[in-house]
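Form predicted on its own, single chain, as structure tokens, below.
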Amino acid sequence: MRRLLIDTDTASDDAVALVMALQEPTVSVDAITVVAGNVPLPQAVQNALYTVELCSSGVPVFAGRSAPLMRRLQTAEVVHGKDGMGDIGLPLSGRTSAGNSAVDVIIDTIMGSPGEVTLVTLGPLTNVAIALLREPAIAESVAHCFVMGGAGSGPGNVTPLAEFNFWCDPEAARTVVRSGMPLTHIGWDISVASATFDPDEAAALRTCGPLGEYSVNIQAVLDIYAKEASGIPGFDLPDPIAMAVAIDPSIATTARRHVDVLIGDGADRGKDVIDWHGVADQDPNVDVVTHVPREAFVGMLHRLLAE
């Protein structure tokens, strides 16, 4: 059974990804670490705790960084709702995390079992970057790191060039990309291509049962935003399709390329620069996902939501 460590800024799509990991029988989730991003840290922690409870899981949830490395936090509540979970009235308060030691948990879990723990990141990379700065050896001790981040071969979702997770904390994203850690990146382009849900497809998800209902209901704000701002037919699920690749890497087509992340405050802030054609004199450092068949992702999603 593969061991996962999940770092998340829990909002509506992150929560579905957590459900997938907690329901998948071939993986074991050691811990969930939480970072500020989609929503402020306290709300993201509550959202993770609620989702874990819904899945009848005992996986511990640890709070981490409440702001990016060098910037003020800019959230995505307009995308996911004030509570990050669609503003549908869920009781998202009053639960207690296992502590505020997310960075220590990342370091200790990976260093305690070299080569055995797979890291899956669903939010800004602040917690992971700080862990690397404190203990660079985790880069060679982690089994692999699957990152939902970057725009890949397409446009961004927060600026014309950048995807939110990298844009929110570009310095952290650059730190992780340059760390030497074995990385697979699943960009927003993969979600747009293979993980969008129009009303009929959302209705089909609901038929999976209570977890299907939950997974659709919490997309209420995102569904409107996606149609009005992103021009797609309904909500998309970037974190769940990234989790699908982490659970079963064989479903993804990848290209080994050199990747870097732009920092600064210009229009290119947080842009993932991918050397698609090998023109730079730099060694490839990331397996960039270029395709995930929609049927493979949707099939896995339906299976896990019906567990």
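Here the structure is a predicted model, which is why all the values come from computation and not from measurement. Counting begins at 1, following the sequence as shown.
Although it is not shown, the form predicted in complex with a small molecule is what the next lines describe.
- Proximity to the small molecule in the predicted complex, taken as heavy atoms within 4.5 Å, picks out 6-14 from the listed stretches 20-28, 6-14, 293-301, 280-288.
- Annotated contacts: Thr33, Val128 and Phe146 are all free of the small molecule in the predicted complex [non-hydrogen atom within 4.5 angstroms].
- Although the partner is absent here, His185 sits far enough away that none of its heavy atoms falls within 4.5 Å of the small molecule in the predicted complex.
- In the predicted complex, the small molecule sits within 4.5 Å of a heavy atom belonging to Phe164.
- Although the partner is absent from this view, Pro238 contacts the small molecule in the predicted complex, with a non-hydrogen atom inside 4.5 angstroms.
- Put simply, Ser215 is far from the small molecule in the predicted complex: not one heavy atom of it is within 4.5 Å.
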